[in-house]
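The chain that follows stands alone, in the form predicted on its own, written as structure tokens.
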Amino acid sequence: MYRSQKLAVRYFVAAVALFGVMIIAGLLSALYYLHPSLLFDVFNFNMAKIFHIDTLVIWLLMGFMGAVYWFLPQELGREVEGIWLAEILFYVFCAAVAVVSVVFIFVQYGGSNEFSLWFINQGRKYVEAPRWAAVGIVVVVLTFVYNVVATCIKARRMTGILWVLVLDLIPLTLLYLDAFPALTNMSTDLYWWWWLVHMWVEGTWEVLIGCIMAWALMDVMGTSRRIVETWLYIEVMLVLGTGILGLGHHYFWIGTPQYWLSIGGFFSALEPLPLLGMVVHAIYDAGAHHMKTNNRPAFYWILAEAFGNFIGAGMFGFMMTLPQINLFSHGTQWTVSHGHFAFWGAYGCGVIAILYIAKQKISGVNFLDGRAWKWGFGLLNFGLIGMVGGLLIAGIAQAFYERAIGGSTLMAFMAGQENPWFVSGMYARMGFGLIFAAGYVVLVYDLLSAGKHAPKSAVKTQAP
């Protein structure tokens, strides 16, 4: 293993640990809907929600960085440049996450002043971390960019995947700077904040996971570079062509011009298509070779990534982003249903696939399979789909009773929270959330134990 791949393993361990924290915070957030007075004045719903969302962003970001550190030396056949600096900043990153977590648990809120912005809580969704921590994330990402770019320069060789990755790192870095302004006009603040949420999380991340999945398909299925790079180029074109215009579906109700209603509603669902095309084409190509693979868990998680991305981000997203529908669905559990499906399908499944690719090499086995990963795969996806369904039921009840009939008043909101359909959806979300948590436990067990009893020398491939 390269030194950078050992660093990647550390990132993977940290990502899996934060994945568990995200699940605990999510279960706690779900409990508040069933027992609103839970931990009142000790650890309120808002803080549980912040933990749930922020750890989601951080564990995925750590997974992406680990994946690049894993595949980059394989792609260029050399160690990552400046890896010692990346190793130091990994521990700085983990320490910063730990300190912010302690502040969120024991301090939680501060006054409306600069001190609170810098040291307690920025108060902006997805980027609640205080500014000192946001500065730290910028430093970590800049180091990551330096590692990738300097390695390519030293190697004097570029592949199509690396060109896309390097170009994507520019907006990945610059768009996060939208986390810093503290604008007093709410419409202006939301206008630029959506550039961070949509173009950083939904745009640059979509291209980044495309690069990672291209490497994964070549590793797991032996897919030709020509196929994955072709679809990667199509993805970049669609992100550039539709991503910025698709951003308009966030502009419907924040005081921006009316033309965003038609622009945002039309362009917002096209971005996930290339990743689905890449995987489907790879499977079609592999079919000519009897679909041989030596890593079944990774293969199935790649499939879950492609179709989960298309259905969760694409179909579920388009279902609720037409302005005629969004008028009633915006800000309800319907939105939360889409968010869970999109993040899981677009990113979570892909990171787990990379975990199994790394696990195979660490274990030193030529063929990775077993029973535990199937249980983890089934429980996680079944639990996720169940949560999505429960949230969708609750959200549609809100859209109907609270918005369409009640007229979006405070009394209609309170009545909506007591509606039997809404309550049933919340109970379903809680129950399926526990199933999802059980799947996480099985996943961790399998990642720790998989490959221990498999033969180390015999080469074996078979159809999934």
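Note that this is a predicted model, so its numbers are computed, not measured. Numbering starts at 1 and runs along the sequence shown.
The discussion below concerns the form predicted in complex with a small molecule, not included here.
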Selected contact from 355, 342, 392, 133, since only one has a non-hydrogen atom within 4.5 angstroms of the small molecule in the predicted bound form: 342
Could you work out which of 108, 366, 335, 116 is the residue within 4.5 angstroms of the small molecule in the predicted bound form, going by heavy atoms? 335
Classify residue 235 as contacting or not contacting the small molecule in the predicted bound form by the rule of any non-hydrogen atom within 4.5 angstroms, answering yes or no. no
Since only the chain is shown here, I'm wondering whether residue 29 would be in contact with the small molecule in the predicted bound form (any heavy atom pair within 4.5 Å). yes
Flag residue 359 as yes or no: does it have a non-hydrogen atom within 4.5 angstroms of any non-hydrogen atom of the small molecule in the predicted bound form? no
Given that the small molecule is not shown alongside this chain, does residue 14 nevertheless sit within 4.5 Å of it in the predicted bound form, heavy atom to heavy atom? no
In contact with the small molecule in the predicted bound form (heavy atoms, 4.5 Å), from 244-252, 167-175, 144-152, 295-303, is stretch 244-252
